[in-house]
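Let's start with one chain on its own, the form predicted alone, as structure tokens.
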Amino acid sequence: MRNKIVLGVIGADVHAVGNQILNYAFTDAGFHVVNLGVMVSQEEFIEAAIESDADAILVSSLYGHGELDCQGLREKCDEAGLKDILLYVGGNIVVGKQPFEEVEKRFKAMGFDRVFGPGTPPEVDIAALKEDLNWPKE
């Protein structure tokens, strides 16, 4: 069975290249990807996750305002009946240069299961998701 994920670039961000790279990488790794593209609202992520019965929502952001755009997403997922859905976020998700450990701590406090910094290779995300979804070892 293929695990389903919802992928998109949150907020007013229009950076499409990274989104396409992740779409290809996750599809190639055996995931069924619902790719929402760019400029995706929290509500669109949630609606797509419900419609597709997704196991995870992967939020990408490159324009630096991901922290603002992601606030409250976990709570909205919970309210929509998605209490068990995995939430991942990655990219250039904060304004300016900040220690990644601090950024990761803030996003985890917002309810994200995994946080990935700028330039993280897709293989790292894929391995983490397979681990979190208890895929059989290859």
Partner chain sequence: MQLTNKKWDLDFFMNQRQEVLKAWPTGAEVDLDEALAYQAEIPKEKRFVSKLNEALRDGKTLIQPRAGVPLINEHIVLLSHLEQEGEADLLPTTIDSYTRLNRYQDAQRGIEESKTSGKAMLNGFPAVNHGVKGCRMVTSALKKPVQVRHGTPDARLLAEITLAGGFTSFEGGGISYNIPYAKNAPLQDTLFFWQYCDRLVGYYEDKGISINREPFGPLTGTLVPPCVSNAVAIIEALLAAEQGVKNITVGYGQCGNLIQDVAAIRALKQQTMEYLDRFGYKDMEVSTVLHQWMGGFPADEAKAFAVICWGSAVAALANATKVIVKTPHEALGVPTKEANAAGLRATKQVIMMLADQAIADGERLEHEMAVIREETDCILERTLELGEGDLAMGVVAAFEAGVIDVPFAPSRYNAGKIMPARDNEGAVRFLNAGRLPLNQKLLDFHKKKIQERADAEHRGVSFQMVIDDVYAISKGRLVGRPH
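Note that this is a predicted model, so its numbers are computed, not measured. Numbering follows the first chain given and starts at 1.
Although not depicted, the form predicted in complex with its partner chain is the subject of the following passage.
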{"query": "Distance check, E104 to its partner chain in the predicted bound form, heavy atom within 4.5 Å", "finding": "no"}
{"query": "Partner proximity in the predicted bound form: H65 to its partner chain, non-hydrogen atom cutoff 4.5 Å", "finding": "yes"}
{"query": "Close approach of L82 to its partner chain in the predicted bound form, 4.5 Å, heavy atom", "finding": "no"}
{"query": "Partner proximity in the predicted bound form: A127 to its partner chain, non-hydrogen atom cutoff 4.5 Å", "finding": "no"}
{"query": "Position in contact with its partner chain when the complex is considered in the predicted bound form, options A29, L86, I50, L36, heavy atoms within 4.5 Å", "finding": "L36"}
{"query": "Listed residue (L73, V40, L58, A54) with a non-hydrogen atom within 4.5 angstroms of its partner chain in the predicted bound form", "finding": "V40"}
{"query": "Neighbours of its partner chain in the predicted bound form among 93-110 [non-hydrogen atom within 4.5 angstroms]", "finding": "V95, G96, K97, Q98, R106"}
